[in-house]
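Single chain ahead, by itself, as structure tokens, in the form predicted alone.
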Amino acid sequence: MSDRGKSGWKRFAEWVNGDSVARDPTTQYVMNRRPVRAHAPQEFHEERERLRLKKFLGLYPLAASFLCLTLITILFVTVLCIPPFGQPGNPTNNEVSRHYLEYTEQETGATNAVTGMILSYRGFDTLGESCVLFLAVSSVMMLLQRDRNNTDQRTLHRLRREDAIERTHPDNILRKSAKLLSPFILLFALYVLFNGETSPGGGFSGGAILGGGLILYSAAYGPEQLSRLLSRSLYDGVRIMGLMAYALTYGIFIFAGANGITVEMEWMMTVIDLAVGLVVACTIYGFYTMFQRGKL
């Protein structure tokens, strides 16, 4: 049947299916196959990489110098534009800072403005920081904790040998120093913790001192000796109770302030300082013992 006798729909169907193209030699296009390009030799690629590296090393010092000079210029201009220190007209000397300095003791019960700011006005931020420390040491314990499931015999043998060496060859100078300094470090840490609302210090400073004392005692007498005083269960209980005590005390503080209830703020600041200090001390000691031994 000629194309003239076909209906338009049939011709359209043949065109869609390609039948008409296959029978019409004028619409057939033969695509010449492109020859396969031969792979360049290895020496060519190495020479190209050397040229690129040489070009990069030539531009790198210039770019680094430009960035350094730009950064130095920005810093110098920023310093020159900063208002002189101590001027009464500085932007920092406004009604907000005056309010904090004048009403800190009345509103928070802390005579130290820094402690009142950290534990009261921005107490949620400090609570978040304590949670970050808690989660950080928990994550390190989950990753580095040594037990029978993730410790091979070679590691256990090495740990036993190190313990034997420490027991048979103790460092007498370190032990005498730790025996002399540990009580004073503990006493000073408690002083900083309980006097944070009236003097420079507080939870973070006292906790860091307490954690340093624990590390000193562990380094001198070994973690096994310290574990008799600070077992794993006691360690977990102290850091959990510290965080919970902070959250509960600060919640009471916020609830009382929002409802106009008069509460004794001084003991609240003391409890919060102590709770933060315990969390910080447990975090510092936990990092030390996990990275050193993998166990408490």
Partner chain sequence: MTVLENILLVGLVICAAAAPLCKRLLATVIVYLAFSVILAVLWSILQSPDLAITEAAVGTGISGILFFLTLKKIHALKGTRDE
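What you are looking at is a predicted structure, and each value in this text was computed from that prediction instead of being measured. Positions refer to the first chain, counted from 1.
We do not show the form predicted in complex with its partner chain, though everything after this point is about it.
A.B. asks: Is residue 114 part of the interface with its partner chain in the predicted complex - any heavy atom within 4.5 Å?
C.D. replies: Residue 114: yes, in contact with its partner chain in the predicted complex.
A.B. asks: With a cut-off of 4.5 Å between heavy atoms, is residue 161 one of the residues that contacts its partner chain in the predicted complex?
C.D. replies: Flag for residue 161 set to yes.
A.B. asks: Counting only non-hydrogen atoms and a 4.5 angstroms cut-off, does residue 85 reach its partner chain in the predicted complex?
C.D. replies: Yes, residue 85 is a contact residue.
A.B. asks: Taking 4.5 angstroms as the cut-off for heavy atoms, does residue 215 touch its partner chain in the predicted complex?
C.D. replies: Yes, residue 215 lies within 4.5 Å of its partner chain in the predicted complex.
A.B. asks: Okay, which stretch from 193-201, 170-178, 96-104, 131-139 lines its partner chain in the predicted complex, with non-hydrogen atoms inside 4.5 Å?
C.D. replies: Only one stretch passes the 4.5 Å heavy-atom test: 193-201.
A.B. asks: Going by heavy atom distances of 4.5 angstroms or less, which of 226, 220, 208, 127 would be at the interface with its partner chain in the predicted complex?
C.D. replies: Of 226, 220, 208, 127, the residue with a heavy atom within 4.5 Å of its partner chain in the predicted complex is 208.
A.B. asks: Just to make sure I understand: among 168-191, which residues lie within 4.5 Å of its partner chain in the predicted complex, judging by heavy atoms?
C.D. replies: Nothing in the stretch sits within 4.5 Å of the partner.
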